[in-house]
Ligand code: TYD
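Consider the single chain below, provided in structure tokens and representing the form predicted on its own.
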């Protein structure tokens, strides 16, 4: 295999086995049509980019029935509101400034910029429609260099381009970086945030590895990828979202202050050996230990007639359940508030997805918090809920 970024020869260091589409929650009548692929991970010694070997056709993942709406999380609403205020203060001081978001989802971020010239780009048609309903000017396409030329011709250069949990989804990252560089003004800014490779390694949170996440970035790999397109990394911010993320700030302008924290985080990554293959060989061993211990936990509960229920039918849960070979014999059902997921089955393992039913709740029940990255929000919510009983199993961070 060739590295997607630098074309260097690379090979897989770990296989998670046969995997379905992570957000492919399925009806019983459609089981025969279910799509599978082999999920394997690779690391490029040359450009230091962590990537999956094969990604399914993006149209299989982002389409008219995409079952993820960011606005359902109060924590994420607060997160984007806070960031919007910061961007307006520091980067978009003129009312005619032009802001673009790649992967705007249901408009959770861009609705804060209705008074600015703005554009949301969202390939999943159903969530793009929600963004439009929220007053966000949206086009439903995949971003590319070709599309950047169309936007440039119609709207002119952008002052700021933003994306959240999107850049890691894009297999042809070189084409997208080229398109961003083409669209941005010379003093324009690219800001994006994604799950951070360092946190995945530290926490053994392998559930961040699935079809949509073709890359997991470090500051070093971001610098290597985008510098080829005159996009210079000048600032980074550690975030708590999605179990540990990093926000990256880049500019075409060369004579800019290179914030100390960029150099500091890259030095830290080298000390933690994120640039060396040996780290990923150890990560593989840690994943295998998790698999064994998690399966034992479920088998012990089954032997004691203790009901185990999943909490949150997340895309990340698809990786856990399929890698660990867990079906409804060990986890009876998964509760989720997303209507598009309810009354369907989990991808690959076919565990029923239901709306919350607190009548089934007993003190003996165990809840596996698949949405562990929203732990604080969820535990606070259920702590106040007098109907909720039972105990929690939090899969990550995993103590090796």
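Residue numbers count along the first chain shown, from 1. Predicted model only: the values in this text are computed from it and were never measured.
A second form of this protein, the form predicted together with the ligand, is not displayed here; the remarks below concern that form.
Though the partner is left out of this view, residue 210 does reach within 4.5 Å of the ligand in the predicted complex, counting heavy atoms only. None of the heavy atoms of residue 345 is located within 4.5 Å of the ligand in the predicted complex. Within 4.5 Å of some heavy atom of the ligand in the predicted complex lies at least one heavy atom of residue 314. When contacts are judged by a 4.5 Å heavy atom cut-off, residue 378 counts as touching the ligand in the predicted complex. Taking 47, 26, 371, 42 one by one, only a single residue has any non-hydrogen atom within 4.5 Å of the ligand in the predicted complex, and it is 371. None of 252, 291, 242, 235 but one reaches within 4.5 angstroms of the ligand in the predicted complex through a heavy atom, and that residue is 242. Screening 224 to 232, 315 to 323, 170 to 178, 273 to 281 for residues having heavy atoms within 4.5 Å of the ligand in the predicted complex returns a single hit, 315 to 323.
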